[in-house]
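Read the single chain below, which is given as structure tokens and is the form predicted on its own.
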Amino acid sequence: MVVRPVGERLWSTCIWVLVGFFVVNLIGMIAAVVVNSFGTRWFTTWLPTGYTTRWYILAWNEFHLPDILLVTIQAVGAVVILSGIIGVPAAYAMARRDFPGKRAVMTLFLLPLLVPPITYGIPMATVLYQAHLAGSMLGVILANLVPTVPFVVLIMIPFIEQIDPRVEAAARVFGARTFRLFTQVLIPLLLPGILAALLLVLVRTIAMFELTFLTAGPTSQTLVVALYYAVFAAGVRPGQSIDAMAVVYMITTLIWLLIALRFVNPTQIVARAKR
């Protein structure tokens, strides 16, 4: 039996205590929101004095949640699909081609990921409003593509670089043109990386507030923007109905993740990426 030094054991104990403290606080905050979304009154007692589901009915009707959920699904789905269609070929070009200004292009790809979205979101929203694109679904999708396409590019470049160029050369020898090479040879090999990138884009777009808030209109608000308006818009609203909407947001995000993870196993992605 190997006995670890006292310092190492103390360090390990501190790490576990910090992790446990974080998990307990996270669970406590989520539990408080969920319990309050069902509570009738909750002031000085440990638990609400009664429970009801009318806050969910109120939030469903007052905030027009069916329309907002449909808009969220459409916007997130379009951003994920377009990010893959644009980002994967762009990543292939960056990984396989050398051209003047390549480092400058890579820097441009990094900027939307390193700079806070609000920094470039305001001038971008101004341009979209001048082009009469903001305030619509198209404006929301275009705004969210700005950080997600570079995100896909940067994730996909290492996956593409791991593919031996001789595989592509062999496919061309057997008569495969560029489109057929890409769709029938490269895409199957890159599928784990593509799924990983699109899964992360999915999570990022659902939670993206700044760019969506700046470019959304009355009919193009996603769930996270509608939740913000529910909290800060004019008028008095019961806190329980806002918590009910927050629970709907958490459940929607969880459902998206479960659907995505049904087709993507993160451990398999990491294992394949190391090969």
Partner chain sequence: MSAALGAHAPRLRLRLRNRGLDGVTLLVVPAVLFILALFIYPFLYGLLLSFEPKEGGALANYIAFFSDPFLYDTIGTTLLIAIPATLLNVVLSVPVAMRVRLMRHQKLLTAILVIPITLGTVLIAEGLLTYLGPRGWVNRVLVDFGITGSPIRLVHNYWGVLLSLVISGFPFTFLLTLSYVTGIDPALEQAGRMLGARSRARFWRIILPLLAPGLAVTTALSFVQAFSVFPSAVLLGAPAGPTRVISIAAYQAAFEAYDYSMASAIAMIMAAVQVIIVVALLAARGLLFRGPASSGKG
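Numbering follows the first chain given and starts at 1. Since the model is a prediction, treat every value here as computed from it, not as a measurement. What we label the rigid core is the largest C-alpha set whose atoms superpose within 1.5 Å from one form to the other.
Below: the form predicted in complex with its partner chain, not depicted.
- Screening 71, 78, 145, 194 for any heavy atom within 4.5 Å of its partner chain in the model of the complex leaves a single hit, 145.
- The contact with its partner chain in the model of the complex, taken as any heavy atom within 4.5 Å, belongs to 124 out of 198, 155, 124, 160.
- Its partner chain in the model of the complex is approached by residue 97, whose closest heavy atom lies within 4.5 angstroms of it.
- A residue is said to contact a partner when one of its heavy atoms sits within 4.5 Å of a partner heavy atom; residue 65 fails this definition for its partner chain in the model of the complex, lying far away.
- Contact check for residue 10: every heavy atom lies farther than 4.5 Å from its partner chain in the model of the complex.
- In the model of the complex, its partner chain sits within 4.5 Å of a heavy atom of residue 114.
- Contact residues in stretch 36-74 (any heavy atom within 4.5 Å of its partner chain, taken in the model of the complex) are 36, 42, 43, 44, 45, 46, 47.
- When two forms of a protein are overlaid on their rigid core, residues whose CA moves 2 Å or more are considered shifted, and residue 123 is not one of them between this form and the one not shown.
- After superposition on the rigid core, displacement of the C-alpha of residue 132 between this form and the one not shown stays below 2 Å.
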